[in-house]
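Consider the single chain below, provided in structure tokens and representing the form predicted on its own.
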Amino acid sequence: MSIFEYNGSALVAMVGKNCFAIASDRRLGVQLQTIATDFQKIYKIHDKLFIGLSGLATDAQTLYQRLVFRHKLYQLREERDMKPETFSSLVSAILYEKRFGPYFCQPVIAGLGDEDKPFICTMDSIGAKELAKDFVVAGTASESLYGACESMFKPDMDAEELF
């Protein structure tokens, strides 16, 4: 069993016309044993930017704390919120600097950029980005989620269809 599968997770992000959706399961488990059913895996960075963290729960919480710290420093210095593209580069850099002892997380980033253009991407544990124009998935249930997303995705869905 991989360390990424230890706590289990399922994350998906999908884009629509000037909108996006990000979803996850809420289960925290240790292999086949359920510990909690209200574990947070999607975090709000600011009003137009969210990150979902699948993988080892302790590493996900630590990585989230580091990302909040770095975003607050950016806000103080730049006096504005980070764009999703900038934030994905920050996440990639933080993951890559720990490549020899990585965070066992697969982040999914979803947000609205300039002119409410949706942005989604996912990464592996060392920060290699996978940009997408339709949907991204991560976690132990990613194979099943790919099939569901491929069958349900249509280009330019509005917010009602997407949710």
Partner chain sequence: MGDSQYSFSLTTFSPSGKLVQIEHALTAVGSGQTSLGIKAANGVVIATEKKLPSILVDETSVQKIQILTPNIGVVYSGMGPDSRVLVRKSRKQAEQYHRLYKEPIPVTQLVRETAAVMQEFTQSGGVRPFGVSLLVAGFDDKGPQLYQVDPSGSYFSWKASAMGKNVSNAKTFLEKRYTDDMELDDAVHTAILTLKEGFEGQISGKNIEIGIIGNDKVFRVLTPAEIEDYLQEVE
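Note that the structure is a prediction, hence the values are computed from the model and not measured. Residue numbers count along the first chain shown, from 1.
Heads up, the form predicted in complex with its partner chain isn't pictured, but that's what we're talking about next.
### Task
Indicate whether the candidate residues Ser24, Thr37 and Lys41 are all in contact with its partner chain in the predicted bound form, with contact defined as any heavy atom within 4.5 Å.
No, the candidate spot makes no contact with its partner chain.
### its partner chain contact in the predicted bound form: Arg70, any heavy atom under 4.5 Å
Looking in the predicted bound form, residue contacts with its partner chain include Arg70, since a heavy atom lies within 4.5 Å.
### Task
Any residue of 77-105 with a heavy atom within 4.5 Å of its partner chain in the predicted bound form counts; write them all down in order.
Contacting residues: Arg77, Glu78, Arg80, Met82, Lys83, Thr86, Ser89, Leu90, Ala93.
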